[in-house]
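One chain is shown next in structure tokens, namely the form predicted on its own.
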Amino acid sequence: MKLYYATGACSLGPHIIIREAGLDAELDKVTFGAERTTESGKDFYTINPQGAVPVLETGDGETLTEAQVLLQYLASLAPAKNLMPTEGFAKWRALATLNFIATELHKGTSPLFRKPNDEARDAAHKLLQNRWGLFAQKLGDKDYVVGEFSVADAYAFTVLRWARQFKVDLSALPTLEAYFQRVQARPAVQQALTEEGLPTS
């Protein structure tokens, strides 16, 4: 199994879950530039014509894209770790949360990577403050967003790192800071951050 990733990108979520699940996976870093090449010397566009990470080669000839899909697939490979609810309404609530992170938090942050003008940046910040407020409501007083640590937390942590990077003011949501620190302290998260050369504190 091989994960194609870019440092600190949304591929960090699947990377974290690989470590949480104790799965054997090779990492191949993608460099984004005029061309997109992998650390192993491949033209990344031949692996994913979209040019986006993450991409997972499963080892049996299959290739998966889209972070929220990879997260669920990886969780399914280690059912004993309970990284994704699979039964009852908890399953549907987890899927709803995962898709909220993808469509509202991830996509809501995307404009900030394109270095927008002040007006567009301020609009993105305002939207994200609202959406992270909704996430904080989902979290409530729980340690993790769907109860036990799950793929949703790996994804949310990744996107919350971006909010901090872009200095989105979430000071009105103190539970998010405690949540971020709680997820960051997990050994698997520390391992993934270290492997990507990212700060661990």
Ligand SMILES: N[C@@H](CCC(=O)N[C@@H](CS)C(=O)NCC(=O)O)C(=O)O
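Note that residue numbering begins at 1 and tracks the sequence as displayed. All of these numbers come straight from a predicted model, not from anything done at the bench.
Below, we refer to the form predicted in complex with the ligand, which is not included among the displayed structures.
Asks: Is it the case that His106, even though its partner is missing from this view, gets within 4.5 Å of the ligand in the predicted complex, heavy atoms only?
Replies: Yes, contact at 4.5 Å.
Asks: May I ask you to state whether Ala52 is within 4.5 Å of the ligand in the predicted complex, using heavy atom distances?
Replies: Answer yes; at least one heavy atom of Ala52 falls within 4.5 Å of the ligand in the predicted complex.
Asks: Please determine whether Glu66 contacts the ligand in the predicted complex, using a 4.5 Å cut-off between heavy atoms.
Replies: Residue-level check for Glu66: yes, a contact with the ligand.
Asks: Using heavy atoms and a 4.5 Å limit, would one call Arg161 a contact residue for the ligand in the predicted complex?
Replies: It does not: once the ligand is placed as it appears in the predicted complex, Arg161 has no heavy atom within 4.5 Å of it.
Asks: Work out which of the listed stretches, 132-140, 166-174, 66-74, 146-154, brings a heavy atom within 4.5 angstroms of the ligand in the predicted complex.
Replies: In short, 66-74.
Asks: Given the ligand in the predicted complex, answer whether the residues Phe89, Lys91 and Leu98 all have a heavy atom inside 4.5 Å of it.
Replies: Looking in the predicted complex, the three residues Phe89, Lys91 and Leu98 all stay beyond 4.5 Å of the ligand (heavy atoms).
Asks: Can you tell me which bits of 1-20 touch the ligand in the predicted complex, meaning any heavy atom within 4.5 Å?
Replies: Read in sequence order, the residues that approach the ligand (within 4.5 Å, in the predicted complex) are Ala9, Cys10.
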